[in-house]
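Just the one chain here, laid out as structure tokens, in the form predicted on its own.
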């Protein structure tokens, strides 16, 4: 059994008991970073870090999920397609967290032939009447920030039982802050970047509450190190809560 098959078998085994009774999808957080935890040199600037085998793994993981979510910052920086190209398998439903609707009309996600992209935006966002996109309006605060909890409940209602979250940093941090991550698959490239980090301030006031990956697995794939495992959160303490309101701009 090769590494891709190992991760697939493990991921499906984690997902099976979760999806039956949950009000939200099973969430897999997956991204590539340097050895020092950077995902790019600076915010808004794309940087390819992983090698070809790890990139194939990413596309394999996409094929195993019902939906794939990124923030609008990733769209503006990378103009992704969020489909499966370097693996044989079905495309996930592309989803963009875009609270203030900044999606450019020329983005590749606006011109998909197979599946129309879903845009998760705030109730007050000004959106064009664009048949190429499915606009999903969700509750938000006075600044229009979208609630991740409400977003995940709506995705579940629409048939998304498994969701792969690829970034960017604000989205990664937001999902971890709100304890909405179930599994992680992270590619660590053998480079030192000294740039923009994948995970920001999680806001936990008690170190006991910090997310933990257990059990954790590691293996080499080409020149890259792949780490994966179950994400757990300690909810037993009275004061180990996050200083966050449950919302993120995307």
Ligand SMILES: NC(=O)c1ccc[n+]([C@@H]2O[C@H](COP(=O)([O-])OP(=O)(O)OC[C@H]3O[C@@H](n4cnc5c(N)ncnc54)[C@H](OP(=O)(O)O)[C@@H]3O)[C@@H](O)[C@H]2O)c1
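This is a predicted model, so every value here is computed, not measured. Positions refer to the first chain, counted from 1.
Another form, the form predicted together with the named molecule, is not on view; read the next lines as being about it.
Remark: residue 93 does not count among the residues lining the named molecule in the predicted bound form, judged by a heavy atom distance of 4.5 Å or less. With a 4.5 Å cutoff on heavy atoms, residue 115 does not count as touching the named molecule in the predicted bound form; it lies far away. None of the heavy atoms of residue 26 is located within 4.5 Å of the named molecule in the predicted bound form. Using a 4.5 angstroms limit between non-hydrogen atoms, residue 199 is distant from the named molecule in the predicted bound form.
Only one of 68, 183, 61, 32 comes within 4.5 Å of the named molecule in the predicted bound form through a heavy atom, and that residue is 32.
A heavy atom within 4.5 Å of the named molecule in the predicted bound form is found for one listed residue only; from 49, 213, 209, 55, this is 49. Along 66-104, residues 71, 72, 73, 74, 77, 78, 97, 98, 99, 100, 102 each place a heavy atom within 4.5 Å of the named molecule in the predicted bound form.
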